[in-house]
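Provided below as structure tokens are two forms of one protein chain, presented individually as structure 1 and structure 2.
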Structure 1
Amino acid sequence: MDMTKVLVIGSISDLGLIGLAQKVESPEIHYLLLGGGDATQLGKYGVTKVYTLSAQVDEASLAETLVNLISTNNYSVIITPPVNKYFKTTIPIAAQKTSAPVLVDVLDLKQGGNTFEVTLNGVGNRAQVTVKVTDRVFLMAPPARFKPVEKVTTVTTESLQPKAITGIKVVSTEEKPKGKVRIEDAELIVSVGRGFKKQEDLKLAFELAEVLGAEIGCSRPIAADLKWLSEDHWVGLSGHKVRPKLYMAVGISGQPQHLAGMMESKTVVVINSDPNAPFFKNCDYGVVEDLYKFVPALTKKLREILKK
């Protein structure tokens, strides 16, 4: 059987994507490594070639670099991390220029001959959809969902010179400050919503998160509308997809857009003063109470317990 060429794009922490690549029949897996890291460790999981970039690139340049790389090597499957602003710009440009579809929030992949069956979340995480593809396809998937199987190979590396794109001019770029843990990787998350009346009141959630050793997440209005937190904290269909062991939603009503980003959480706790909040239908534990009374009391109790 001829080998199917697969290109995985991501950082050194996105190794889970190799697990999805391994679902292809007889895959030849290459990796475009972004952000640096030890390329040789990728050979532990069957990656035979690793590309690195000779310089940091903006979205437009990466898209053009991808187009050249895909066309030269005839990759059938291109796998990237979940949607974020960087890939939202890069992947559609590359997909359009290579005449390939983009499938988002991929859960599984099967191959039968020249046909790929891709299962993905649909309808705001309320359904699973299977799509058949008979040509090149871009897949965006959460790395944490997949676990690569060890299959040691020899890795060769190649440094790529970024390609310039015509027709698009990047005026400026500004790096966002990031915490030591990406919210997609967090095992414990305390997430805040419109139940908080003022930005300074978010300190209640930050104190609770500190006691738990959790990261802070938020619903769309907090990041996109009110700008109380950066978009790094945004959980939802248009934000980040998370799969923590504990997801605590404080003052969040639970609209489908937000649920789409956290439905794979292992345990969900909801704190809301509205007993009819939709989130109560999608949680393991629910507390109907004013967050301004309950959260400080919970934080105090947890501190007492953890001191023992």
Structure 2
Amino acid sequence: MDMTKVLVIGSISDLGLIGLAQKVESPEIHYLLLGGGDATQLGKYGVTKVYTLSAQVDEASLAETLVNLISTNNYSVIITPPVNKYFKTTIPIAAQKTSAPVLVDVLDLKQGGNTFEVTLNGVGNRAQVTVKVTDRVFLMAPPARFKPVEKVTTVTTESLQPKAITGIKVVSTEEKPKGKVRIEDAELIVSVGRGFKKQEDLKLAFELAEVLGAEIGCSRPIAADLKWLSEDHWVGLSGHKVRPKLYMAVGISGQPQHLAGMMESKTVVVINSDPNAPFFKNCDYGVVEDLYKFVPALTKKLREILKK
């Protein structure tokens, strides 16, 4: 059987992704190593060729470099870690330019000839979906999900000269103001929803967050429709994905699109006046109470306990 060419893109700590590459029948695995590291390590897992970049690149030139590499080597499967700030721009450009679909949150991969059967988390993590794709496909998955099997090979390395992007012109760039919220990195989050009647009432949540040392998150209507908070706070399918130790949802109903952004939280506390709110089916602790009564009382109690 012909070998299937697979390209893994990532840093040296993403080598778990080789485990996904090994699910391809007779794979020829190459690795585009970003950020430096010992390329010979990759040879322990059957990688035969490692590419590095000869210079630092922005997202656009990485995409063009990738397009060039894919076209020259005719890779069928291109594997990357989950969407991060960098890949969010790079992968869609590269995929569009090489006419390939991108499948995210991949769980498994099977191959039959030139058809790939890919299983992934779908519907806001509520279902596993299996799709069939032919020819070329981009797959995104968390590296820790896979464990590569040892298979020692000889690795050759090649340094790539980054290519400038074609077809896209950067008109201007602007620095994001400093001091913005990085909700994705927060360990504790108090998240607010439409249960708050007025923007000024959010101060109840801000006071609670201050006592806990938490960041403020929110549901989509609060950021997108009411614009009470900036989009930096928005959690969910179309907002930010968070995985704090504590996620406290106040006045949020718990629709699948919101849950999709916070299901990996360690402990989830829900405060909602409606006992039938769907969020209660997806929490560790649920409080059926009016937030206007409960939140100030909780803040007061925590202040006493934490002496703040």
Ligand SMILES: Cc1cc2nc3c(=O)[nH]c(=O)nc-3n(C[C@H](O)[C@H](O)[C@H](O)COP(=O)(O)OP(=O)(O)OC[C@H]3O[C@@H](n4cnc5c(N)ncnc54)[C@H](O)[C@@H]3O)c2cc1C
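Rigid core (definition): largest C-alpha set, two forms, superposition within 1.5 Å. For residue numbers, the reference is structure 1: its sequence is counted from 1. Owing to the predicted nature of the structure, the values given are computational and were not obtained by experimental measurement.
Working note: structure 2 is the copy from the form predicted in complex with the ligand; the remaining copy is not.
Core-aligned CA deviation for Leu298 between the two structures: 2 Å or greater. In the core-superposed comparison between the two structures, the C-alpha atom of Pro27 has shifted by less than 2 angstroms. Relative to the superposed core, Val288 undergoes a Cα shift of 2 Å or more between the two structures. On the core-superposed pair, the CA position of Ile252 changes by 9.4 Å between the two structures.
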